[in-house]
Structure formats: structure tokens, C-alpha cells
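Below, in C-alpha cells: the form predicted on its own, a single chain.
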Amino acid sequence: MSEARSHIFQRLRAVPRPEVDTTGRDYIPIYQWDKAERIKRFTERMQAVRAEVHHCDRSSWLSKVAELCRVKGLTNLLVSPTTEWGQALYQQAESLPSLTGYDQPIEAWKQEMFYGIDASLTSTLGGIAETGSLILWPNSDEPRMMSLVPPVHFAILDTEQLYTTFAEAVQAQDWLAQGMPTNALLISGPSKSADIAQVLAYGVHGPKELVVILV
């Protein structure tokens, strides 16, 4: 990191965080959805925009990923070896396509990343039932490129982290206290755009397929 950039970050981080009181905000939607209802609505909304949603548990998700890789004809899978899900995949590597780790700067393997990776698998910070969205906070273990570049993106969502609304997720995970990352993502389905003639096209700026594994 350059000295100028470091200096800018130091100045930004030195600014005190303001106290924000959200308790009196009446525009935040409130629903009484139990876990089953949240899963149902999340699934409906994701499938409405062509995302795949598979209901699994911690004993079956790995075999489901292996099965989907076979069905889709994937030859490799980009996955972090340091996350809980990545470590489990590496332990069962014989049943999966070739596993690739994101363990070097993008400049060193840009060609392979953009033209040689079939799919990636990432964790998620949570999900939002009201909108059918995934929450991702990319970091050095799972950079944003992992959910942006490969044609197929597998995302693992722990249903204990599936919230009714975005506001509930912010409150439950205490985002105000811990501070926002430099890059936070809300993903609702595969990449899509209607910029040209208002015709909806999928896979224009990112993955053509989004596969959500609920555990």
C-alpha cells in the first residue's frame, strides 16, 4: 500500500463513528415470519430470478455440490482452503472436480481466472427472505472476484443466518458497531441487465448461474 493511500485510510479511520438510533424508524418493515416461512419466501424469490436453491443440511451439502458439479460438467472449482466450507471440500476432493485456491494476486493468474475457471464456491454472511438476497462481505480469503468472474457461483447459506429483512440482518449482526467493510455485496440471482432495449439478459456482467445451497 502506498504511503499516500495509507495516509488517507488513517485519516478516514480516525473519524469517530456517530451513534445511530434506529429504534424509532417506522418505515422498517416488520414481519412475523418463522424460520420455515423465511426459507420458503427466500426460495421463491431466488427461483423467480432463475437462481437454483437446494435445501440440504450439514451432512448432505457436500454430496449435493459434488452431484451438481457432475451434472453441470464442471472441470474445476475455485474455493478458499481456509473457510469452513472450503476445508470440507478439500477433504472430499476425490469426489469433486479439480479444486483451485485463490492464493495469489489476480495479476499473476488473470488469464486462468477469466478463461479457465468453471465455477466458484463462497460462503455468505447471511440472507434476506424479504428480497431473496445473499449477503457477502468479501475478504482476503474470498475476494470479490470469486463471486463475480466464474460463470457459475455456488453460495453456501446457513439458514440460521437467514433474516426476514435487511434491517434485521444489520441489527442482529451489529453492523453499526463493527463497521462496514470496504466492499459489501447483496446478490439476488445471477448477473442480469436490461440496459440494451430494456431486454433482460442474464450473465452479462457476472455469473450466468447462481446456485444457493441452504444448510
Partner chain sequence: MKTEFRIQVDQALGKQDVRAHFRKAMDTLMTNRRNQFPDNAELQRLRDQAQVIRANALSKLPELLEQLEANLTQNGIHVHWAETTDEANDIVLKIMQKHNATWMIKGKSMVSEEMGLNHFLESKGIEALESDLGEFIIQLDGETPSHIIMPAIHKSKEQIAKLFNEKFPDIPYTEDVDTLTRTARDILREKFYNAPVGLSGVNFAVAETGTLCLVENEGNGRMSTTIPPVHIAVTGIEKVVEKFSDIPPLLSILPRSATGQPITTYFNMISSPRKQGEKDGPEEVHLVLLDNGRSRIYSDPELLATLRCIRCGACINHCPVYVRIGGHSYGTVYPGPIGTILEPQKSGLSVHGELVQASSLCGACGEVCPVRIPIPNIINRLRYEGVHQEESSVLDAGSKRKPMEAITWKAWSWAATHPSMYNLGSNLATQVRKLVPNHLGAWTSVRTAPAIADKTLHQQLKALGVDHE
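Numbering follows the first chain given and starts at 1. It should be emphasised that the depicted structure is a prediction, and the values quoted were computed from it without experimental measurement.
FYI, the form predicted in complex with the partner chain isn't displayed, but the following is about it.
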Residue contact check: residue 107 to the partner chain in the model of the complex, 4.5 Å heavy atom
yes
Is it the case that residue 144, even though its partner is missing from this view, gets within 4.5 Å of the partner chain in the model of the complex, heavy atoms only?
yes
Decide whether residue 61 counts as a contact residue for the partner chain in the model of the complex under a heavy atom distance cut-off of 4.5 Å.
no
Under a 4.5 Å heavy atom criterion, is residue 54 part of the interface with the partner chain in the model of the complex?
no
Can you pick the stretch from 155-163, 33-41, 64-72, 171-179 whose heavy atoms fall within 4.5 Å of the partner chain in the model of the complex?
171-179
When the partner chain is considered in the model of the complex, the residues of 107-132 having a heavy atom within 4.5 Å of it are 107, 110, 111, 114, 115, 131
